[in-house]
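Consider the single chain below, provided in structure tokens and representing the form predicted on its own.
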Amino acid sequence: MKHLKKINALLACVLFAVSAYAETVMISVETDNVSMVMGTDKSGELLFYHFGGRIADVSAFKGFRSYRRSDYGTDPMAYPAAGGRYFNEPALAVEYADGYGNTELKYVSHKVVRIDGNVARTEIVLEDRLTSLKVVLVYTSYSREDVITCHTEILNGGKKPVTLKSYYSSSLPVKADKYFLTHFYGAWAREMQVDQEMLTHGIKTIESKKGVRTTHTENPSFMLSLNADGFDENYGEVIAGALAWSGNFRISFQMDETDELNVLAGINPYASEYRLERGKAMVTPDMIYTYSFAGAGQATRNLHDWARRYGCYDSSVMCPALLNSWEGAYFDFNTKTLTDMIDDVKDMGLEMFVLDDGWFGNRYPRNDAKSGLGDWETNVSKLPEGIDYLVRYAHDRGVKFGIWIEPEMVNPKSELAARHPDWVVKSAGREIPQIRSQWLLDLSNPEVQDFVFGVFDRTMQMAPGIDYIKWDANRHVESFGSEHIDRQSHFFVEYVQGFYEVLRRIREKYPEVIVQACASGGGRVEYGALKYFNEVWTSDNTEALSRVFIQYGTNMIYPACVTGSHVSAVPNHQTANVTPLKFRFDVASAGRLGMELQPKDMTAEEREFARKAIASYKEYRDLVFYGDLYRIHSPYGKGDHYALMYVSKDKRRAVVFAYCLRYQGRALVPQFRLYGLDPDMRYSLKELNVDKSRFWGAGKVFDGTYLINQGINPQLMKVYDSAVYYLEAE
């Protein structure tokens, strides 16, 4: 209803209205360095002219002619609908009550609302005059970050219901000679792998149909290098995009016969036709775009700056360095097991202890993954003293306390499943598939929303001062259906809307608690979830070599301050790989550092090294959280080395991480040029957490021009050699 009021108010207060389309209307959405330009033609259609470098006088586009042949369809439209002369993939496809599917959107009005000195919102009203269907295109520009977000608000102003067959958030026409696409794929324990390809004619699609945990195999984000045969960190024009939606998504890239590319992004139309009643509105999720003139690296930095200020929940809070109990204890623990681990947290200099799965359930105790989900009361056999005792024990030692929940899920072997079989996602009359011995609760149902909110609420009330919640989700949607909703094609959308409603209520009551989005690791790594979560669990795979590639891909789009990265035991529990402790710490310290092991199994020497590495991490972690990321050398590149650097905004401090990923022999030594430093400064350089440095220049002072143009050549020649360098201007 609030969206309907907003749209009606907008229509009542139109600005720049055009009478019979006699005058061309130009619209420019601007940031400090970028313009997105649209304008009307003589028929009233809203055409899309430009996304790229800022154009001072957009009136120059009046009378613009593309010389496109009329039998090749229309000029690029700002929001193409199925019908009229448009025959490519539409942003909007509607079926009306009479069965027709033709929509012809014409410009009505637009206005610009200045939010503050950095943010402005442009709202453009389009209408199909025959059916009274209205579409409001909403563009929000963030000037300093060079980011523009887009979404649509679709209002049925007619007298009868309509069915939305597809309803994308944005349509982005792009014109270049070549399009080189970088996107991300993977699986559980192998998330955010980088895939790259030159786009050709036809449609390339990135999508998920899993409903929940949608980002394991594909991520709703990309980078598009223009007029280039490949990917470059520092040179060339790059568009980066990311969709803020936690459900099924689709991003498609269609190159037509004129070599023009159109990017459509939004909710996946798969099994999601949406019936829009008279007077009702559909609001789509935000699609986030940035444009870089200095390669992929600047596109990343733009997104990170925007995310920390606007896209992630309160990124001013620095998530503590922590010990998580999972790989150190699994389901097998008692109070002493946990208090000993809390003591170890204190001893090693970590800041928080997180109790993972296994703490709940009595009639069906949570001693494995097969029972107890849904029955959120403390297991009195394992923890007779209660959670409150553990929280007080931690706080008395200056250690924060966190706890794990998985509130969207239920085991068939639980009291909840027996009481409320109607709350389970299922297709009527069919077997309910299990994943990890569990079912999915139906968040399209308000009663389930109340229950899930209650799980969080009661958990927080078990003990005063719980500091952190790890919110897990260990399955996706199969055999979907809901006993609550009448139209099953609404399920995928309404589940996500219900999820967001629960999170909104949680943040209203608990604005300061730190919450992590864990979904079997990287199943919810996207900006829709990050509106409510402080961080994501990047992957269940904690093995350091795997994490190099996972974190490289993740941090191309999402900032390091939201990516949990842990040091775990060897042989690693996912890969059985054995890596040196220093390598594990050096990889984990490039994100939000944590540990995932049983400290009692560490040797005295290992514990002493951990103390040193944790202490040094605390000295530079503000750079990891809030600094500018420069990818110095790709793990996918020639030479099998990886290096990255975080630089403070004033360029006075930096931290460099460098790794050898394979045996190099004695002849090959890497050279890392430290782009991102200030050429007019001089920097002291020291290597951290070593007795003997791997770089001849450790302890020296270097001119910025030397470090930028010549760089450093650390002796990283054997697999798992690694180094961390701290630089500070004199």
Ligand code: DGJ
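This is a predicted model, so every value here is computed, not measured. We number the residues from 1 along the sequence you see.
Absent from the display: the form predicted in complex with the ligand. The rest refers to it.
>> Can you tell me which of 355 to 363, 422 to 430, 654 to 662, 579 to 587 lies within 4.5 Å of the ligand in the predicted complex, counting heavy atoms only?
In response: Contact criterion met by 355 to 363 only.
query: Heavy atom within 4.5 Å of the ligand in the predicted complex: which of Tyr527, Trp537, Phe249, Tyr495?
result: That would be Trp537.
Which residue, Asp286, Asp472, Glu351, Asp305, is the contact with the ligand in the predicted complex, using a 4.5 Å heavy atom cutoff?
Flagged contact: Asp472.
Indicate whether Gly627 is a 4.5 Å heavy atom neighbour of the ligand in the predicted complex. Taking the distances in the predicted complex, the answer for Gly627 is no, it never comes within 4.5 Å of the ligand.
Even though the partner isn't displayed, in the predicted complex is Ser520 close enough to the ligand, meaning a heavy atom within 4.5 Å?
Heavy-atom contact with the ligand at 4.5 Å: present for Ser520.
Just to confirm, His395 within 4.5 Å of the ligand in the predicted complex by heavy atoms? Outside the cut-off, so no.
**Asked** Can you check whether Tyr620 is within 4.5 Å of the ligand in the predicted complex, heavy atom basis?
**Response** Output for Tyr620 is no: heavy atoms all beyond 4.5 Å of the ligand.
- Since the partner is left out here, which residues of 424 to 452 would have a heavy atom within 4.5 Å of the ligand in the predicted complex? Sequence-ordered list has one entry, Arg436.
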